[in-house]
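Heads up, the chain below is alone and in the form predicted on its own; it's given as structure tokens.
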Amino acid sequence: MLITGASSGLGLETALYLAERGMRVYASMPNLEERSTLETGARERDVSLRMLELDITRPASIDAAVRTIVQETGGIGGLVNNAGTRLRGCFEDLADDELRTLFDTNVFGTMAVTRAVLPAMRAAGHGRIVMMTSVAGRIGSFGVGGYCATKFAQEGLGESLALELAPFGIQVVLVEPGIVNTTAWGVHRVVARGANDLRGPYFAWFHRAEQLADAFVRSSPIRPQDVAEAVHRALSARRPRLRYLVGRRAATVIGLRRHVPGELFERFYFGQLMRRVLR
């Protein structure tokens, strides 16, 4: 199993969780100097895994990592597309270079790694590809339009790949976590430069939305292990579902959107959100 972005957060927990359950795990990250937390976790949980350098924005890095796995194991049984970045800020505050970095990582990087493993999976006649998307790939929100756009793109890619790859025995699964308290909300939080401009037209609203988001993070009952469990089910189930939502809040919101008439849902859900942001 190849896991991208395994140096921290959900990727780190997923790598350890899968290794604990007997899977042969290749935990990758852009820079192996970032491996100390994963090494500590592996020692504490008495598991063995292989750490690889893999930068999903660099084709040569992707090819080298995939080639190493194939040479050492003969193939790739599963890929967990977890690596990605975030960008918070209202759309007018997002600079072109920030958006390009976001899409190069979350969309084009995910595509590149997926493309690289497919020849080995097709040759074997089986494989699993897990897309770590988000509830943000199913519903937009204030101040995260760029990030949501990349997650919506991953959802569309995953659905299409599920159809295209089925004849080869390759299954694609989307894992959609709700809000999880990880380093993405702390040291790895990425806020657009323009969002911190006191003169910006969205400044006060955006920072109010950030306060609300932080409150949701603090109260979220979802643990990284819950997401890792969903990934394990996606990789090990005899007949996996296309989607695994993680978290009751996420499931409730998506369920409401599915069953409540569109105008009523938008008035209730988005209306409530905007009243809290603008007050």
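Remember, it's a predicted structure, so these values are computed and weren't measured experimentally. All residue numbers are counted from 1 along the displayed sequence.
This protein has a second form, the form predicted in complex with a small molecule, left out of what is shown; the following refers to that one.
None of Asp214, Glu34, Asp63, Glu229 but one reaches within 4.5 angstroms of the small molecule in the predicted complex through a heavy atom, and that residue is Glu34. Screening 200-208, 118-126, 166-174, 131-139 for residues having heavy atoms within 4.5 Å of the small molecule in the predicted complex returns a single hit, 131-139. Taking the partner from the other structure, the small molecule in the predicted complex has no heavy atom within 4.5 Å of any heavy atom of Thr114.
At a distance threshold of 4.5 angstroms between non-hydrogen atoms, Ala83 is in contact with the small molecule in the predicted complex. Taking the partner from the other structure, the small molecule in the predicted complex has a heavy atom within 4.5 Å of a heavy atom of Leu54.
Leu10 belongs to the set of residues with a heavy atom inside 4.5 Å of the small molecule in the predicted complex.
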